[in-house]
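Next up: a single chain in structure tokens, the form predicted on its own.
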Amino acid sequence: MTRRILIVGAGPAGTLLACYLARRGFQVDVYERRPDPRLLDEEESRSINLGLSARGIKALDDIGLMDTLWPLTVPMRGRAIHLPGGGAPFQPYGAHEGEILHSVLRRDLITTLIDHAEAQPGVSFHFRHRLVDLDREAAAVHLAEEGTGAALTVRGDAVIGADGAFSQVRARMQHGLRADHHQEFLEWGYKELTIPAADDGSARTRLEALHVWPGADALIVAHPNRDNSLTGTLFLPVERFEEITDPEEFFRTRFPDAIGLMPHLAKEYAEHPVGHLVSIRTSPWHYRDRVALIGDACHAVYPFYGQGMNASLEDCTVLDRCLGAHPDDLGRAFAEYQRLRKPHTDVLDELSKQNFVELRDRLRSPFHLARKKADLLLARLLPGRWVPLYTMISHTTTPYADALTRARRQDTVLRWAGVAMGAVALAAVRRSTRKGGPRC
């Protein structure tokens, strides 16, 4: 008999997983509390930008979707770092041509994924269905249809929770179990702002870059769009959003070169809500062979490494590999998936927190910029033997913890090389002093 998997959540991870499961012959039903995004107009489906990197690209390419998605993306070849005194030096992402990121609107990604998943045999989407309860023993979900309130109970062979950082599947799966759960809110929040295209349709600033306005007390990050606009995100300590009553004056003082790029700043600042940032570490990720979690439901991270979505898409490839290794034992496949994946997503959580400090504080440091240049130079001089941490995280599928271990070894080599060079320089100075000193 065909096995049936119920997925709760039609975000990128849940929808991609439906494609993988269909390929393995499962019947898949995806339940989502929100309406079908394909039926919403642009204003109703206000969309954030996502940065696709190697892990997400590989996961999407595995199901044959990247050829469709490429035209919907904008390449980001590096960071344009806007300095307080003026100027925006460009910092390439990698040492080689292909080491770039790709900006894509979440709406474009989701609608493309849903279209692709629905075309697979055995996949059905059920929008406007809210999870009310989970029976983990029976692998059953109790749902309510939004609008009518009609109740529905659906049973399957397993339930996958792909319902985000505040996952209801996770809460109900772990209820009464010996579960660990760590949820941490960042003291900073964010508002979305827009850098529209110029009146003639051209871009107001360099398009193929991630634009960053760093600062210890405020931070802006802007992703490019296909229409020559950029979607900016202003990050501030949460309490500061209410304290700022004149955003234009604040920008003139804090981000003088940004205010000219944002003609709708005051209106958008007043109208757009403050978003909050949360990281999640939890365990277990599954209950026997009945329930499992993927994506933000088991490892939400701050967005500052650009890996949240990419890690969630990579979950699908790892889980698919485990299902292939244990085709007749879902419980064993789920356990292997958690064993292989959790140590690496825990490391990603730490890296994402550290990169917040880098974007906020270190990008203005001449020492930090020099270190970045040295990393890229060594990568060009020693291809394959020296790989910067950022390259391993964003431009390869090297597991996160393995990437960090290798980067730490490289840091040790670089430090000792610096000490050796210093010692040689000091010895040369001493020899020169002795030769030029007084003689008897």
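From 1 onward, residues are counted along the sequence shown. Computed from a prediction, not measured in an experiment: that's the story for all the values here.
Omitted from view is the form predicted in complex with a further copy of the same chain, to which the following refers.
Site annotation in the model of the complex: the residue of I81, V74, L105, L186 reaching within 4.5 Å of a further copy of the same chain with a heavy atom is L186. This chain is drawn without a further copy of the same chain; in the model of the complex, the residue among R206, R288, H142, H181 with a heavy atom within 4.5 Å of it is H181. Here the chain stands by itself, but in the model of the complex one stretch of 322-330, 173-181, 116-124, 307-315, 173-181, has heavy atoms within 4.5 Å of a further copy of the same chain. Contact annotation: H276 falls within 4.5 Å of a further copy of the same chain in the model of the complex, judged by heavy atom distances. Using a 4.5 angstroms limit between non-hydrogen atoms, A198 is distant from a further copy of the same chain in the model of the complex.
With a 4.5 Å cutoff on heavy atoms, V132 does not count as touching a further copy of the same chain in the model of the complex; it lies far away.
Remark: A138 does not count among the residues lining a further copy of the same chain in the model of the complex, judged by a heavy atom distance of 4.5 Å or less.
Along 226-262, a single residue, V238, places a heavy atom within 4.5 Å of a further copy of the same chain in the model of the complex.
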